[in-house]
Structures are given as structure tokens and as C-alpha cells.
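First, one chain by itself: the form predicted on its own, in C-alpha cells.
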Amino acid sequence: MALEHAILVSLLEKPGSGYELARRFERSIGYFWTATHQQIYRVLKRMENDGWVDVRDVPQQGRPDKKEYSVAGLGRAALSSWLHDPIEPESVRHDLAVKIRGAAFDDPAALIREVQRHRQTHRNRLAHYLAGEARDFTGPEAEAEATGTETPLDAERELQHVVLRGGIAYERMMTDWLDDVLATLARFGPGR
């Protein structure tokens, strides 16, 4: 996936400035596709030049005007084309897993602190996802979904939620796996 596609999705969800896009990447979409502020601004400029986004100046009180970006017709067409193109399943590249295998040739227990650090990161991200789910996907719509009550189908909301549920499942899996790794490493004393 190109950063352009992640930006198009975010702008279709809600138009915004480059700064607002960067904040969205930090808070939500960035957990699945990361980008720095500089990358976002550079790609926005290219997308503007290619006609993928429209830009309008928004006056601000006591501050410089900001540029608000929205998706243009060419951008929608580019996203549609990308959505219909097949992609290959992702291959996992996991540095920690290689370190864990390599620990057999050194001191396995020496990795405990590093694995604990990774586990805490995944626990924190899981807590963040669960808080977001409670904030954004509770209320009448969620209750109707859970009970099977008929409500109008909202593709944006449903697809955001299914991606979030995937993130929750992944973080739970990683936390469980890292608990297993820690239990295995604990069986090896220092200096084995």
C-alpha cells in the first residue's frame, strides 16, 4: 500500500489539514500504516499536483490560514483502482522472533527484559484499542448490532470497527504469545 491510499481513506472519512491528518495517523490509522509529518506533507503536495486532492484555504482567527484537503475525482478513481487490484498476503518480518531463536546460542534468560518491554507495548496498545472501541462503538448502534436489531447499514462505521477488532485480536495474540515466550525463557537460568 502506498501512503497516498492511506491518506485518501483518511480524507474520505473526513477532510482536513496536513496537521490534522498527521494527528489521525498518530491516533488511529497509524497503527496500521505509519508516516511522519514530513512524509504526509510531501505526499499531499504530490497528490495536489496530480489532481488527487482539492485544497481550500481556511481563514483562522489570529493564526495563519490553514489548507484543508479533500479527495478530488481523480483521487477517488485512484483509490477505487487500488481497491480492485489484488495484493499479496503480507510476509511477517519479526526481529524479536529471530532474537528469540538466536537466544538458544547465547543466554536465553538475557532476553526476558526485552520481551517484557514488548509485552507491555502490546498491552498498552490493546488497552488503547479497547478504550477506542468503548468510546466509538458503543451506544444505540452497537446495541442494535449485538442484538440483531435492524438499523441502516453504515459501511464506514462497520469497516472501521472490523479493522479495530482485527487490531484488538492481533494485540491479544501478541500478548498471549509473549506470555508464552516469557514462561519459556524463565525456564533457563542466567548463564544456562
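We call the rigid core the largest set of C-alpha positions that still match within 1.5 Å between the two forms. A residue's number is simply how far along the shown sequence it sits, counting from 1. Remember, it's a predicted structure, so these values are computed and weren't measured experimentally.
This protein has a second form, the form predicted in complex with a further copy of the same chain, left out of what is shown; the following refers to that one.
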{"query": "Partner contact for residue 55 in the predicted bound form: a further copy of the same chain, 4.5 angstroms, heavy atom", "finding": "no"}
{"query": "4.5 Å heavy atom contact, residue 177 to a further copy of the same chain in the predicted bound form", "finding": "yes"}
{"query": "a further copy of the same chain contact at residue 74 in the predicted bound form, heavy atom, 4.5 Å", "finding": "no"}
{"query": "Close approach of residue 9 to a further copy of the same chain in the predicted bound form, 4.5 Å, heavy atom", "finding": "yes"}
{"query": "Contacts with a further copy of the same chain in the predicted bound form, stretch 71-104 (heavy atom within 4.5 Å)", "finding": "76, 80, 82, 83, 84, 85, 86, 87, 88, 89, 90, 91, 92, 93, 94, 95, 96, 97, 98, 99, 100, 101, 102, 103, 104"}
{"query": "Displaced residue check between this form and the one not shown: residue 85, CA, 2 Å or over, core reference", "finding": "no"}
{"query": "Core fit, then residue 109 C-alpha moves 2 Å or more between this form and the one not shown", "finding": "yes"}
